[in-house]
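First, one chain by itself: the form predicted alone, in structure tokens.
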């Protein structure tokens, strides 16, 4: 099988729509899924021709339950599983259902709207929308908390190594594990902290994004616990989102990884702590409302699924 990965290694764009759908019980889902696989390929091919410089793409991930409902290939990808909650002494990484995930991004918001509309029309009668988040680029790639997000992202060849499955799982080579969490921030509590205290929570300076020295950085700083080593990284495409009038502002955390075990290690550090009890302080201000694992097949696999 040739390896033609979906656009999981693209960098975050100015505009993004994230959608999660759950299948209804229906005998039609297999035929409709075939159509959907062909549609995703078509949307990406069209974007490449029509907007070659806009970095427009649509990435589709498939959930664990959906993989079985659709009778997709077995054995499954080696680390593909149904995500289980990670329960710490104070905070929990919740687990929520999700059969299909769509990551739509472009410089032009119009493309995101049109692509989301086409996808929705294709599956609305056999699936239910359970999450739709419209993300935006905030200043110089900052989260709504005001700190640069994604500084630890790999680049160059490392980006492919950490984001795409390799020879360790030959049949699924070129695919990727996709994990998402929707975090809502308590901005009132966050803004009540002096900037110097906010920097201790993150482990970096707020203005110029400089990491604190190890002998200064608190052991429960976000950058101390979410970073599990230079040989264990993920490709983050996080985006801020929010509703200003009701103060529901947050971050949609999205990670593409060649190994889901890396993601689990990060989450365990954050929610249970390293050592246990020393949890990530950012969780006192950011609450995960969702948590779901998907698998992103290659375009070649989508062609196979489409029949």
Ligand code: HEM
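Positions refer to the first chain, counted from 1. Treat the numbers as computed from the prediction; the structure is a model and nothing was measured.
What follows is about the form predicted in complex with the ligand, which we do not show.
Chemist: Just one of 37-45, 259-267, 59-67, 24-32 has heavy atoms within 4.5 Å of the ligand in the model of the complex; which?
Modeler: Going by heavy atoms within 4.5 Å, the stretch is 259-267.
Chemist: If you check 236, 78, 137, 200 against the ligand in the model of the complex, which one has a heavy atom within 4.5 Å?
Modeler: By the 4.5 Å criterion, the partner-contacting residue is 236.
Chemist: Would you mind picking the one in 127, 100, 115, 145 that has a heavy atom within 4.5 Å of the ligand in the model of the complex?
Modeler: Exactly one listed residue reaches within 4.5 Å, namely 145.
Chemist: Tell me whether 15, 51 and 105, taken together, all sit within 4.5 Å of the ligand in the model of the complex, counting heavy atoms only.
Modeler: No: no residue has a heavy atom within 4.5 Å of the partner.
Chemist: Is residue 152 close enough to touch the ligand in the model of the complex, meaning at least one heavy atom pair within 4.5 Å?
Modeler: It does: once the ligand is placed as it appears in the model of the complex, residue 152 has a heavy atom within 4.5 Å of it.
Chemist: Test of understanding: in the model of the complex, would residue 286 fall inside 4.5 Å of the ligand by heavy atoms?
Modeler: Close contact exists here: in the model of the complex, residue 286 approaches the ligand to within 4.5 Å, heavy atoms only.
Chemist: Is there a heavy atom of residue 172 lying 4.5 Å or less from a heavy atom of the ligand in the model of the complex?
Modeler: No, residue 172 is distant from the partner.
Chemist: Whether residue 226 contacts the ligand in the model of the complex should be assessed with a 4.5 Å heavy atom distance threshold; does it?
Modeler: Residue 226: yes, in contact with the ligand in the model of the complex.
Chemist: Along 178-204, which positions have a non-hydrogen atom within 4.5 Å of the ligand in the model of the complex?
Modeler: The stretch 178-204, when checked against the ligand in the model of the complex, contributes 181, 183, 185, 202, 204 at the 4.5 Å heavy-atom cut-off.
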